[in-house]
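Shown here is one chain on its own, the form predicted on its own, set out as structure tokens.
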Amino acid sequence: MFEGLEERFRRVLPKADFCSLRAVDERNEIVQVRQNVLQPIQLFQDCGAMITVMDRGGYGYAATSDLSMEGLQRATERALSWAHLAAGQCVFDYTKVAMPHPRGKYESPAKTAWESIPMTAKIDIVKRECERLKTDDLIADFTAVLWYARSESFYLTNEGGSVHQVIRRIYPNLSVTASEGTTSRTRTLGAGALCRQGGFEVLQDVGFMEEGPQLAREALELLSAPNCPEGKMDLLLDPSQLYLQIHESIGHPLELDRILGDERNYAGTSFVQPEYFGSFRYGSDLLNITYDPTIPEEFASFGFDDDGLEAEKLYLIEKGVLKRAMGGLISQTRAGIPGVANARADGWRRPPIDRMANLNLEPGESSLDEMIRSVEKGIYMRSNTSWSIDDSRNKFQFGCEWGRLIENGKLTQVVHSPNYRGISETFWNNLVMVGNRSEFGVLGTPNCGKGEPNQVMRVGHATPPALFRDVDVFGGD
């Protein structure tokens, strides 16, 4: 698909301060079985390129699915025209940006290539795991699904930049719903967040072929479990819930384009202000948040972002203090605030914007047992099921599939519909214990939406469990 692409790009280069081509070829395959019935296999491919031009202080871009010489020429002319029309009219002078011209490669590791497994074998595996969810007549709905995406991209610039990346992502999920009378309870595999980069080995790594019967037992147990109690108490969050807490109350507030106001009409603003960086206490000393696209198996790992900036591990929050934003090179230059390599687009049709990639809570020193023993009155919650957060990503409310009370240092009663609420700064400053490296969970989400027009992005999160004091907890009845 990309044969001869670089040569064609070099031949259509305009006279401009900067020009880049970002070509993407993505192929998806989805195998799903619901209630032991194979659903239609989904196979789809999407291929095209975006030409970006910066000239005379303006910025323009144009996308095309025609990768011929003529197609690239037309896209380049449109991008250059838009850049000249925008010159002097933008909120920012793009001559101030020193765009990189990187050279390099990145490829997701894969012990067992997805393509090496016959389709019949994949279908058999998904069928088997779906069947194993139906353990009782009270199981009303049950689904197993495998989603594989392979994305190959080339990034080329007018001064010799050339980056080739191949990213393989697997998104396995199990879901089981038990129902009795008017009551239904659902359990999923890691809240549907156990998605990673890699090959077929990911299924074993995340428990896809082991956890089904246990999920069914927990769904049945929730049918007779009491409602979650209400009140202030300690809250122990499993990685299957904490990943989304990080995503919503740290990730989105730290996106620099949101802080600059670019997203206010659609995705909202941020309670974080530009002057907070370097001094604002976001959380307790145990809060260490890194931006790390270098973990091979994490969902949003890569070598270079979509503006060519090389990825590296950097602390956003260190010992509770806010250090840097999640802003790509253009936003960093606009704001004068340190950022990271996170200018990303969800495909060839869209321009890069500031997006989360791998946003992680660094491990602490506590085991899960130690955290439980430290609690006199509290609750342990797993697997997100609902979330709500205000436009500035400050006040929030989350619900989980499964909860278990902690009384006098021991896990006791399972409860259904556990929920909690809080305010971001207060919540993270009440962080009192963080799980160690052995408790570290690698998760992600395939469907984070942002931008106008909307872009649906894949995001990674890795985190151990963590304990918070004095959280407002309530039930769902």
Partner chain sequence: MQEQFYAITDYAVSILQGDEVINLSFEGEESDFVRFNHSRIRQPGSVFSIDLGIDLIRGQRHAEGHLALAGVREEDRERVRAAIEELRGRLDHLPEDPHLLYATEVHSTERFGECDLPDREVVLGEILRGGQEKDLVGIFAQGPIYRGFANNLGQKNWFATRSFHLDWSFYLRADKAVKTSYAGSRWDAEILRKKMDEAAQQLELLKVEPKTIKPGKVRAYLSPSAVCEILGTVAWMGFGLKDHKSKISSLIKMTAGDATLHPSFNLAENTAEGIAPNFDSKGFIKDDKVTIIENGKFKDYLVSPRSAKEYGVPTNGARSFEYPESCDLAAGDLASDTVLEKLGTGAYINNLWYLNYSDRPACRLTGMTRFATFWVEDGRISAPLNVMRFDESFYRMFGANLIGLTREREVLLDNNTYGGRQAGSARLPGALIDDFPFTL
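Just so it is clear, the model here is predicted, and its values are computed rather than measured. Residue numbers count along the first chain shown, from 1.
FYI, the form predicted together with its partner chain isn't displayed, but the following is about it.
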Inset, instruction - Would you please decide whether A62 lies within 4.5 angstroms of its partner chain in the model of the complex, comparing each non-hydrogen atom pair? - result: yes
Inset, instruction - Please check if G409 has a heavy atom lying within 4.5 Å of any heavy atom of its partner chain in the model of the complex. - result: no
Inset, instruction - May I ask you to state whether F280 is within 4.5 Å of its partner chain in the model of the complex, using heavy atom distances? - result: no
Inset, instruction - Could you confirm whether R349 comes within 4.5 Å of its partner chain in the model of the complex, counting heavy atoms only? - result: yes
Inset, instruction - Check, residue by residue, if L38, G451 and Q455 all come within 4.5 Å of its partner chain in the model of the complex, counting heavy atoms only. - result: yes
Legend entry - its partner chain: the contacting residue among E29, D55, E425, E439 in the model of the complex [heavy atom, 4.5 Å]: E29
Legend entry - Among the candidates F208, F299, F302, Y94, the residue which, in the model of the complex, approaches its partner chain to within 4.5 Å (heavy atoms): Y94
Inset, instruction - Considering its partner chain in the model of the complex, find the one stretch among 257-265, 158-166, 128-136, 284-292 with heavy atoms no farther than 4.5 Å from it. - result: 257-265
Inset, instruction - Would you give me the residues of 64-89 that have any heavy atom within 4.5 Å of its partner chain in the model of the complex, in order from first to last? - result: T64, S65, D66, R78, S81, W82, L85, A86, G88, Q89
